[in-house]
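Heads up, the chain below is alone and in the form predicted on its own; it's given as structure tokens.
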Amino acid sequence: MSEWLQSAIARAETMDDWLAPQRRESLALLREAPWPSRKVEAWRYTPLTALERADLSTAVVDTTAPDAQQIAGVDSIDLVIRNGRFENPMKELPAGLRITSLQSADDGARERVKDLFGTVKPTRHIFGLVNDVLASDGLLIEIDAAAVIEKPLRIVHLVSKGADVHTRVLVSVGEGAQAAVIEQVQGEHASFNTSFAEYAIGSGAKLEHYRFALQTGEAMGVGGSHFKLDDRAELNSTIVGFGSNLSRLDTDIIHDGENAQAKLNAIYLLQQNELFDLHATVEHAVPHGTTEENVRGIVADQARAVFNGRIHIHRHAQKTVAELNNRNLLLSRKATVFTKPELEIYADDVKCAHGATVAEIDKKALYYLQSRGISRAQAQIMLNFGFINELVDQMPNEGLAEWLRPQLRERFASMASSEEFAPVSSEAGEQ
């Protein structure tokens, strides 16, 4: 067991609050869990060296971090969690919506938290267990049956230099309700955070979900977004990830009711020595479910991307339709992609497909743009943007898409300037 994990367990043993019964169960599992290493398949290509070497126990947390900026063109209900503490005063909320800080929950809210806490997120996620035992604050978001929440809820996690923080978000979407939730994690200085969210989506409910994992530089983050879909529930989720010293995101979609529909689009853009690891698991436990999953990544310099997408179709999940596709673009001879799309099928009446590609920029397209007077760097940006813009266009919220596009262009520009784009070879690894 690593010193970091031993320290986390020691901290957890001193916590004694109203979530103690839930924490004890996770703490017992954590004591027996092996520390992720190259011998652990789920962590084979994602070393935790940066976390093991970091000494945040005595670090002074920077309290001068900038405030969360509003997204122009998006009228959202902003909920800010700074260094693990929810800091927004509660304003008047739309009818059918209740938001409670875990630290200020009354007896009734505490019981509802206990009913949801840990019931969607699988126990196999070791840092999910860490989050179980160390999360000291977070949010309970409840959307009443048939309620339609027009404004998206934007949960902004701000992580400052020196912070070591753990937060939990619990979302209950009532039967026939409609809502949109944005999870946004920001930070660039030496820090570590785990932010996990659990969503229970009721019968006939619709959830529009976004997770922007935008921590960069020395900001380390391991998190997850986990969903359970009841009958006829609909989920449309978009993930955007930048890389850092350690950036890992796990997502689980559980089809727990018939005729549920799930769509997951994901984009990751990496440069320099950054790492981003996306593990996505879909469980089709009942018949007549539909899943569409599209993941695209662009990797430059000596960056490393890891993608593991697994769709598990249980024996009774007949009439399932599922598709998984991962496409990657390498911009450097030293860039690496480890991709592993998986289909595990035990039903015999299903329609499923999966695939993965790793390629380089089309030299003919690059030459064509340059022959029209476009600089090489600008041509790179245009081709990169074209590679992922299809997924941006599919975002249901056009205001969010408009906000995201210039950020992606800026990211592409820095990727283009970080290395001369000589012809590359595909040095991707496959699990």
Partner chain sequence: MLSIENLVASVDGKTILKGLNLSVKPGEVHAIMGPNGSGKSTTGYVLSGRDGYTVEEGSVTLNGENLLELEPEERAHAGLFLAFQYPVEIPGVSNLEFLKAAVDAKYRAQAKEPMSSAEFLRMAREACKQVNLPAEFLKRGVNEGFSGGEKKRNEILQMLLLKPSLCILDETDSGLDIDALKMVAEGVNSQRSPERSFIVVTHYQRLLDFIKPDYVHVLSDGKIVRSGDASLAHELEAQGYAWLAKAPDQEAVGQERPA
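Definition used throughout: the rigid core is the maximal C-alpha set that superposes within 1.5 Å between two forms. Residue numbers count along the first chain shown, from 1. This is a predicted model, so every value here is computed, not measured.
Quick note: we don't show the form predicted in complex with its partner chain, though the next part is all about it.
Is S37 part of the interface with its partner chain in the model of the complex - any heavy atom within 4.5 Å?
Although its partner chain is absent here, S37 would stay clear of it in the model of the complex, with no heavy atoms inside 4.5 Å.
Though only this chain appears here, would G386 touch its partner chain in the model of the complex if you measure heavy atom gaps against 4.5 Å?
G386 belongs to the contact set for its partner chain.
At 4.5 Å between heavy atoms, is P406 in contact with its partner chain in the model of the complex?
P406: no contact with its partner chain in the model of the complex.
With a cut-off of 4.5 Å between heavy atoms, is D393 one of the residues that contacts its partner chain in the model of the complex?
Yes.
If you check A33, L27, A401, L369 against its partner chain in the model of the complex, which one has a heavy atom within 4.5 Å?
Result of the distance check: L369.
By the heavy atom within 4.5 Å rule, which residue out of L51, A68, M382, L56 makes contact with its partner chain in the model of the complex?
Comparing distances to its partner chain in the model of the complex, the residue within 4.5 Å is M382.
Where does its partner chain sit in the model of the complex: which of 198-206, 231-239, 104-112, 357-365, heavy atoms within 4.5 Å?
Only one stretch qualifies here: 357-365.
Cα of I361 displaced 2 Å or more between the shown form and the other one, core superposed?
Yes, the C-alpha moves 2 Å or more.
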